[in-house]
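Just the one chain here, the form predicted alone, laid out as structure tokens.
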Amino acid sequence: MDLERILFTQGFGSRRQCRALVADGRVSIAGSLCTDAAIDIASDALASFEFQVDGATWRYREKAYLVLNKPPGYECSRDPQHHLSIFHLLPLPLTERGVQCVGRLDQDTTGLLLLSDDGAFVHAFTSPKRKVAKMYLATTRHPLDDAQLCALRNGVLLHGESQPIAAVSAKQRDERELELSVLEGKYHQVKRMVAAAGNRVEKLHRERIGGFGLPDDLAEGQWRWLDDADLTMLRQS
């Protein structure tokens, strides 16, 4: 694959813009300035191929898999209505290559958010048929009690739904801290479930999807690439 196409697939603009990046001396390979956009990189070398644009190092990735620690006050939309988009937190090449949220979090909900430009990956972790558990930590307005926990475990009927929805698990961590795991991703689901059980969510934080937990060293508002080990954990129930 030639350098121009590599830059194009990695989100650095149109083919013409990518040629201009090289012509303007903004692209380096292994620390050396590259002025030939037609230079070819062997297919078997792409997996480990690194390049620099304006001094920042990038590695070629056929598909993008990211984790973001979402802060409050951001919408999971490219066309936000009332707050900044979470895409403001990502480098431009990632948004240009078309990464999308793997399920949305409300603007006031924080924590684990996956993003990818791999449609099959997005579908696998958003389709209710796949039954991937998502674990949340909810801070409630009122103290939790056994009746509320039992209702969540046994199923609560939400407005507009024909069948009760039960949590995979509902555990009390503190007087007003609830650990809740659900399979579905319905609109405001956790907040609505807690309300149907007789309480109210004041804060909501997603901690885990499948077997993958939000990394402890990932600060709020920061992102990183998912590696093979992360992807393996995600697929664990």
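Residue positions are given as counts along the sequence shown, with the first one as 1. Please read all numbers here as calculations on a predicted model, not as lab measurements.
Form predicted together with a small molecule: not shown, discussed below.
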### Message
Between Leu178, Leu204, Val27, Ile209, only one gets a heavy atom within 4.5 angstroms of the small molecule in the predicted bound form; which residue is that?
### Response
Leu204
### Answer option from Ser169, Gln189, Gln52, Gln172, heavy atom within 4.5 Å of the small molecule in the predicted bound form
Gln189
## Note on the structure
Counting only non-hydrogen atoms, the one stretch of 82-90, 155-163, 103-111, 122-130 within 4.5 angstroms of the small molecule in the predicted bound form is 103-111
### Message
Since only the chain is shown here, I'm wondering whether Tyr74 would be in contact with the small molecule in the predicted bound form (any heavy atom pair within 4.5 Å).
### Response
no
